[in-house]
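One chain comes next, on its own, written as structure tokens: the form predicted on its own.
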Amino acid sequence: MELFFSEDIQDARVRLGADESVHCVRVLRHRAGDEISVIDGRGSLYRCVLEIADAKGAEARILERTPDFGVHPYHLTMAVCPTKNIDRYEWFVEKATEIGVDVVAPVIGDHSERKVLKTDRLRRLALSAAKQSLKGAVPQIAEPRSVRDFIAAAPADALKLICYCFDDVERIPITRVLSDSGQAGKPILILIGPEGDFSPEEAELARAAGWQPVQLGPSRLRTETAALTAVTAVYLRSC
């Protein structure tokens, strides 16, 4: 199934943006009268018939709407420190989208080597991955903020988990926490630190704010591997 994306959906019509129009008309050579499928990025799929096959602005008439297309039964926010090698972070965003994530929140920690992150490319990658994996919703890519600010702003009713390597407190396996949480339907927030891990001060701030320390197994994982392992653990719990 080929999926296109549009935020301009109203009056039973879909208007594709410039990039999507070019892909639809010039690359895939769709013509007026062809059926196409469009997602709105918020969870709905629209079956449409193309009426204006214009590479500068294609338009289609909606035949049918399918809500909750490809959605998952949880709301997951991954707060992950950007990696020094940005390719690794982009890989994480792409694969996490394919598996199932709702928000990717870049956070800057005390030990972060990368302090600046441009989010435009991450949003494009998330959109492409959502279409490839047949999802109607595209994850939100938040603007970067500090670890401390993210910890302080986290909602009180969420299941808040922090993955780090310090041995000064007991860290329960994430799979056990997810199974025993009893928070079905509640938002899940998971914090993943940079290559140098969280600072002791950040870890203590998180624990004081109700974040539960968890571990992802005996292996020492890179930031992006740890983040994707956590996404997978949440996904498999819902299967």
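Counting begins at 1, following the sequence as shown. Quantities reported herein were computed from a predicted structural model and do not represent experimental measurements.
FYI, the form predicted in complex with another copy of the chain isn't displayed, but the following is about it.
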Just to confirm, with a 4.5 Å cut-off on non-hydrogen atoms, which of 123, 148, 75, 95 contacts another copy of the chain in the predicted bound form?
95
Pick the stretch from 136 to 144, 96 to 104, 115 to 123, 153 to 161 whose residues have a heavy atom within 4.5 Å of another copy of the chain in the predicted bound form.
96 to 104
Tell me, yes or no, whether residue 219 is in contact with another copy of the chain in the predicted bound form, where a contact means a heavy atom of each within 4.5 Å.
yes
Would you classify residue 88 as touching another copy of the chain in the predicted bound form, given a 4.5 Å non-hydrogen atom cut-off?
yes
Should residue 212 be classed as touching another copy of the chain in the predicted bound form when contacts are defined as heavy atoms within 4.5 Å?
no
Please check if residue 199 has a heavy atom lying within 4.5 Å of any heavy atom of another copy of the chain in the predicted bound form.
no
Along 206 to 239, which positions have a non-hydrogen atom within 4.5 Å of another copy of the chain in the predicted bound form?
216, 217, 218, 219, 220, 221, 222, 224, 225, 228, 229, 232, 233, 235, 236, 239
